[in-house]
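There is one chain below, alone, in structure tokens, taken in the form predicted alone.
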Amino acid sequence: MSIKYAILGLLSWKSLTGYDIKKLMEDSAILYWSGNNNQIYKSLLQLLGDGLVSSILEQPKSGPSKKTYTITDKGQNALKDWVLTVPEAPEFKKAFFVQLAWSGVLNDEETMQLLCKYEEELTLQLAYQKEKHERRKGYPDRNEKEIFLWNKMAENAISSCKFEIDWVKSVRTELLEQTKKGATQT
């Protein structure tokens, strides 16, 4: 997914500054973005150049001037066209799986430590997702459907964390049982 569609989506909700967009994306548990601030501003310039957004420079009574962006009709159409494209399948490749795949080089205790560390990270991620959902403010709530969908997306993120925690616990339990069996057989 290109960041420009996340930006167009936010601007379809309301006019925003680049800083507002950055904050909303950082604070969102739903809007995927793993880049730096420059990407937002570069994307805004590209969207502006493509006629998908317009901008106005505002000079408040106090403080620095700020540029506010608004989606254009052309931008609305581009956003709608993108939303109607075939969705990407979820990504199942996880960096942790690469570690786990080669954990045969570890002794049993080290493997358990690795799994425990992963569970700790997941537990933190779960708390983070819950907190972001509870604090959810300033996100699109134009109608009941939009509120419902944003809540369901947050629920998905929370459920994914819970599932992954349950999975790693079961791996630890089964690995421990396997280790005990191996010890009794020798």
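Just so we're clear, the structure is a prediction, and the values are computed from it rather than from any experiment. Note that residue numbering begins at 1 and tracks the sequence as displayed.
Here the subject shifts to the form predicted in complex with another copy of the chain, a form of this protein not shown in this document.
Proximity of Tyr128 to another copy of the chain in the model of the complex: non-hydrogen atoms within 4.5 Å are absent; the residue sits far from the partner. A residue is said to contact a partner when one of its heavy atoms sits within 4.5 Å of a partner heavy atom; Ser54 fails this definition for another copy of the chain in the model of the complex, lying far away. The closest non-hydrogen atom of Gln46 lies beyond 4.5 Å of another copy of the chain in the model of the complex. Contact check for Asp27: no non-hydrogen atom falls within 4.5 Å of another copy of the chain in the model of the complex. The partner is not shown here, but in the model of the complex the stretch 93-116 reaches within 4.5 angstroms of another copy of the chain through a heavy atom at Lys93, Lys94, Ala95, Phe96, Phe97, Val98, Gln99, Leu100, Ala101, Trp102, Ser103, Gly104, Val105, Leu106, Asn107, Asp108, Glu110, Thr111, Leu114.
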